[in-house]
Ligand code: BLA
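Single chain ahead, written as structure tokens, the form predicted alone.
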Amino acid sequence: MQVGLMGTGYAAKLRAEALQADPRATLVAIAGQDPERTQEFSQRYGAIACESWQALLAIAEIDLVIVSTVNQLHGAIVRAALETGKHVVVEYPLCLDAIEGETLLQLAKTQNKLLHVEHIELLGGVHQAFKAALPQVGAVFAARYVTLKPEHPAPERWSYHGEQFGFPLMGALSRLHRLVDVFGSVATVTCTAQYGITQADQQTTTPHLPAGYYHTCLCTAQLRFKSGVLAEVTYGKGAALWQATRLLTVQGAAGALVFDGDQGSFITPADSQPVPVGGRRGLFVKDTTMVLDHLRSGAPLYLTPEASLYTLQIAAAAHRSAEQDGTPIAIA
């Protein structure tokens, strides 16, 4: 399998290492945003350094394209790759527009090509332990998932840029997808968002996604699932946050599950019992291996692109709600 890689960041590095370790794949070419970094990155893995993603897609012998670059570019690259007859793996999100996502899925079917949206959070130890232990809580009443990442100062990079990263719960789609994977269809979404911006040596805040860079974001969404479960998802990062948090809790009729970082507990009135949690290492290798297995032998993947698109539609509804001061948005 001849592979082209879009991106030179951390995820791209792990993809390149996974491809290099698998005899079924050859990393042929790499395209990135910065020519000097792309050249150095490509030399490290013995691949051609392309001046653009368009140049990479013009290499006829490439069978599979892996997209690990700025979120804003995902949709255009996926479309062009499918139109040139290549299989595609894209790190979430598939794109930053849910309607565009529908057309990309249809294009993949028309071209009879793989379109796989990576969601390695589903393969990780916390999620696997969460799903395995969930029956212990009985009837689920509510869930809460909070991830906060302080950064002082916040870096002026694409992940803090409104257009390049997208609405935070789209760019960080896994925060929603972890709960959608477990609790199923959503009835309504309510969301609020706040961004911190530095302008003319003063700090300002806005509830609307900036077109350019921001130094802090904080989004909180409430998902009312059709099963009756109410879940709250909070995602934030940046310079105005001060305590790192990664907390997942589920409250049920028979007890509660609490995952604080990589430590899990099942809590009842009688006691608190530890929940074993596996590690997070090697998830990109696992995802890459499963993709190659699928392409070579038809082995099943761990999710469908339709499942990722559904969560993207939930994120789009959360964005609309935030733009309308937290108005509930019904999901068809």
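This structure is a prediction, so every number in the text was calculated from the model and none was measured. Just count from 1 along the sequence shown to find any residue number.
There is another form of the same protein, the form predicted together with biliverdine IX alpha; it is not shown, and what comes next is about it.
In the model of the complex, biliverdine IX alpha stays beyond 4.5 Å of every heavy atom belonging to L295. At least one heavy atom of W158 is located within 4.5 Å of biliverdine IX alpha in the model of the complex.
Biliverdine IX alpha is not shown here, and in the model of the complex it never comes within 4.5 Å of any heavy atom of G238. Proximity of L223 to biliverdine IX alpha in the model of the complex falls outside the 4.5 Å heavy atom cutoff. Think of it this way: in the model of the complex, biliverdine IX alpha has a heavy atom of just one of V140, A172, L115, A231 within 4.5 Å, and the residue is A172.
Checked against biliverdine IX alpha in the model of the complex, the residues A55, I267, L283, M290 give one hit for a heavy atom within 4.5 Å, which is L283.
Per the 4.5 Å heavy atom criterion, biliverdine IX alpha in the model of the complex is contacted by stretch 145 to 153, the sole one of 145 to 153, 188 to 196, 247 to 255, 213 to 221. Counting a residue when any of its non-hydrogen atoms is within 4.5 Å of biliverdine IX alpha in the model of the complex, the one hit in 74 to 96 is Y92.
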